[in-house]
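Just one chain is shown here, as structure tokens, and it is the form predicted on its own.
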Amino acid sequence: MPSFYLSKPYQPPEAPKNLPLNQPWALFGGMSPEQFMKRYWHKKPLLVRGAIPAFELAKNNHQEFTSPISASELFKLATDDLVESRLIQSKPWSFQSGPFKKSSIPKVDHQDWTLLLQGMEAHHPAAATLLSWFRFIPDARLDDLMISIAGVGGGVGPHFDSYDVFLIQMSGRRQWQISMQKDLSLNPNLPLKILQHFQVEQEWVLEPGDMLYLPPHIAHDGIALDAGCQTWSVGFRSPSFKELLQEGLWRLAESLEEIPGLEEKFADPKQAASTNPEELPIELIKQLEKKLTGLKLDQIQQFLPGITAYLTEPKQAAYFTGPMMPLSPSQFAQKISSHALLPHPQTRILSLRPNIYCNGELVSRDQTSQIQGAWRTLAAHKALTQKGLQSVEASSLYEAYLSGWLIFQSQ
């Protein structure tokens, strides 16, 4: 039996409430997060040996750490229809989407397969804990934590990503090859997005506890060298300007419903007889221009609420269920005085001062100053414990709890 089945699982420590941004971190090879962001973020790759020192310390003490999530746990999650999963096999290349029957998942000691599980922060506390260490990067950029488990030879082929990613080795070894090549054309004859030409420029073998950071559009290929090889990928999305502006415009258009003055009908009592009836009337253009100027639609502040709401939309696979036995408003207010209220792992919260958006909704609007303050605390610290909370009934905070967007820590 492989040794990783007998090893002690690594448990990520809780991140402090205020991350020490100007202090050296092992995660970045002795650099502070501030130095990492200045020198490497969105600029160039970084390899860090011993990014998680616990693995090396355990090895020096004749122990062995492995991933906090076992292979059997991951296989079980892949059978769940609430977990986004994919199975990739090479020789030849094939691709399947989950959920999977247990019998269709390859055995750990089989070769040339990879199982990918998305959004693992929502399905295992260790993944959520590890993710909390990356909150020196704006929440608006976070995508999710994906786990890859593979047999020897497993991988997804040479490819590139359009987002920043931290590749953390959690179990077994993986060989990484990268290239700064400009040619990112894909092979049209394969079912996966695999580069047609991959020219290796650098190569490393990552051991448990090592980490590789890659900015967008760096060609790379990772191949598992051991059975049950696990790589945890912390991804940060880079939405296109087209995507952001389209979503901002769509939500801005919806908000026009709330402006009574726009219900007025166009009128043109000064319209003269026209010799060019096929042309859009000048008077209509002038009045529209006046309305647009009044709405200030040429200013970014008008678009930001819609864009912020969009960036808090949960992932498509997100699923929320309210509490089976919901607390009454008074019970809720009492419990929050001693138990931390947390965002559900799939809940997204962003601040656009002074407003707070949660899961696509403006939750601070028309709320008491106390409820607004509670939402600001949740957005900043991802936890809320508050005594003397009042006016809970019908508040957006209590409604979010009933919807499963917010949960108590003891759950």
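Everything quoted here is computed from the prediction, not taken from an experiment. Heads up: residue numbers just count along the shown sequence, starting at 1.
We do not show the form predicted in complex with ligand SIN, though everything after this point is about it.
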Checklist line | Candidate stretches 131-139, 298-306, 284-292, 226-234 - the one whose heavy atoms come within 4.5 Å of ligand SIN in the predicted bound form | finding: 226-234
Checklist line | Output flag, K335, K387 and L389 jointly within 4.5 Å of ligand SIN in the predicted bound form, heavy atom basis | finding: no
Item checked: in the predicted bound form, the residue from E207, E313, D161, D80 that sits within 4.5 Å of ligand SIN by heavy atoms -> D161
Item checked: One residue of W176, Y213, F198, F75 in contact with ligand SIN, assessed in the predicted bound form (non-hydrogen atom, 4.5 angstroms) -> W176
Margin query: I'd like to know whether A122 contacts ligand SIN in the predicted bound form, with contact meaning heavy atoms within 4.5 angstroms.
Written below: no
Check: Might Q118 be said to contact ligand SIN in the predicted bound form, defining contact as any heavy atom within 4.5 Å?
Finding: no
Next item on the list: Using the partner position in the predicted bound form, report whether V156 sits within 4.5 Å of ligand SIN, counting heavy atoms only.
Entry: yes
Margin query: At 4.5 Å between heavy atoms, is V152 in contact with ligand SIN in the predicted bound form?
Written below: no
